[in-house]
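As structure tokens, one chain now follows by itself in the form predicted on its own.
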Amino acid sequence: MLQNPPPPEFMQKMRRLLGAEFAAFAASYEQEARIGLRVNTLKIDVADFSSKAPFTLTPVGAYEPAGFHVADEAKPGRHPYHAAGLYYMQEPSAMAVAALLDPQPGEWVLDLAAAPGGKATHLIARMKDQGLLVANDVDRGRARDLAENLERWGTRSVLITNNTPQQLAAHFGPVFDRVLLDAPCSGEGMFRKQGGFAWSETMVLACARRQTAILDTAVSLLRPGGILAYATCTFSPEEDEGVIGRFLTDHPDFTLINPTHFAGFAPGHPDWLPAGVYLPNEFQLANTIRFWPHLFAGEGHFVALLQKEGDGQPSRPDRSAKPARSPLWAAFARETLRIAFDDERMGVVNGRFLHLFPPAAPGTAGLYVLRHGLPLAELGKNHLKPDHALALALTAAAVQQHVNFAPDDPQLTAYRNGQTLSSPGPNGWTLVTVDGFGLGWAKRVNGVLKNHYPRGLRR
């Protein structure tokens, strides 16, 4: 039982809406929240990860083969595999959103409110890191968290932006094949995980107004024939069926897709809305999907898939930046790497940061961009420092020199604590790996590994 249960006003509302189901819903708050992780299939296949995982995994269901339940006492968020980006800690019902949107390799996809990054990492994994994902968040601090989580994922085809939806719409226009709006909401689906917090009907209605405004802007970013996913982690119909009903009334060029239903998926509730308000679209609202904690092994979500009428590929802007070739990088790559990066995709950001731009990267002048593709290095006057993101995108096979540790090796713990290590071998940049997966950089000098693990990540 939660020590800080949901507000009584919320539970009274759920009793009124759920009727005979309310007892089962209320009983779910006497159970522990479900902990989930999703394997990073860009780095490791599911079977290989399952064979080496140090904790017991239970599949979440057929809707996401890379998703698992894991016991909280296993502390998976503290394991070196997590630091190396082999999985993301994600609540099971949240995994269904990107799975239902189902982006394809080569597409242009926008995650409009992407922080902290769970759904963004899922989208780019589904895209096989091919095409372009623009992961945006309007809050600067949350956008930095988003960048850190995508950094562990080792991706190359992502732009991370910190702009308003209106700024993105003015810059890009209707160019995206799929758009995800994981809308800011009253967060009722977090009560079991976090306990009770300030909640009111006034908050619910304010969220619904904000969600409607963001959805209306998202329309102008979606190409004809494209698919828009709207998601919340709340139960109130005002923020769920009500927002979608209003949207369909105002945008008759959109229809609701009826997606595949898997075990535990429940239909939307058009019957919870005022009768006749959203006609003629009211009947469609049953095609939305609800995830209830008493019916599904997760915390709670709402998802609607909306398709824009029309077809055809949009006109997309070309990248405006010219390639930047750096002698410092050429020397580093020759001495350190066994793989090659495309020089034509390299560019210098803010005068000193070398990035590998996504293959399809458009011009971004006028936008605030935290990350262009894969950060490679910081360039000094006569020296280069490889970026931590590059380490996380590499494996032992991709470098000339590496030092590999098992997850439980005390030396690995010492490295993550920021300590120097003894290590005979040639001088130079050395990749530190856990079971062969890049974790960070060190620089060997006369048999000593000087630690370059980021200070903010040290344990």
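Residue positions are given as counts along the sequence shown, with the first one as 1. The model shown is predicted, which means the values in this text are computed figures rather than measured ones.
The following text describes the form predicted together with ligand SAM, which does not appear among the structures shown.
Q: Which of these residues, Gly268, Gly347, Pro358, Pro165, gets a heavy atom within 4.5 Å of ligand SAM in the predicted complex?
A: For this set of options, the contacting one is Pro165.
Q: Between His294, His261, Arg316, Arg142, only one gets a heavy atom within 4.5 angstroms of ligand SAM in the predicted complex; which residue is that?
A: It is Arg142.
Q: Even though ligand SAM is not shown here, does Leu384 get within 4.5 Å of it in the predicted complex, heavy atoms only?
A: Residue-level check for Leu384: no, no contact with ligand SAM.
Q: Considering non-hydrogen atoms and a 4.5 Å limit, does ligand SAM approach Arg178 in the predicted complex?
A: Outside the cut-off, so no.
Q: Look up in the predicted complex whether Pro184 has a non-hydrogen atom within 4.5 angstroms of ligand SAM, and give yes or no.
A: Yes.
Q: Is Gly117 a contact residue for ligand SAM in the predicted complex, using a 4.5 Å heavy atom cut-off?
A: Contact check for Gly117: yes, within 4.5 Å of ligand SAM in the predicted complex.
Q: Name the stretch: of 370-378, 210-218, 77-85, 194-202, exactly one has residues whose heavy atoms fall within 4.5 Å of ligand SAM in the predicted complex.
A: That would be 210-218.
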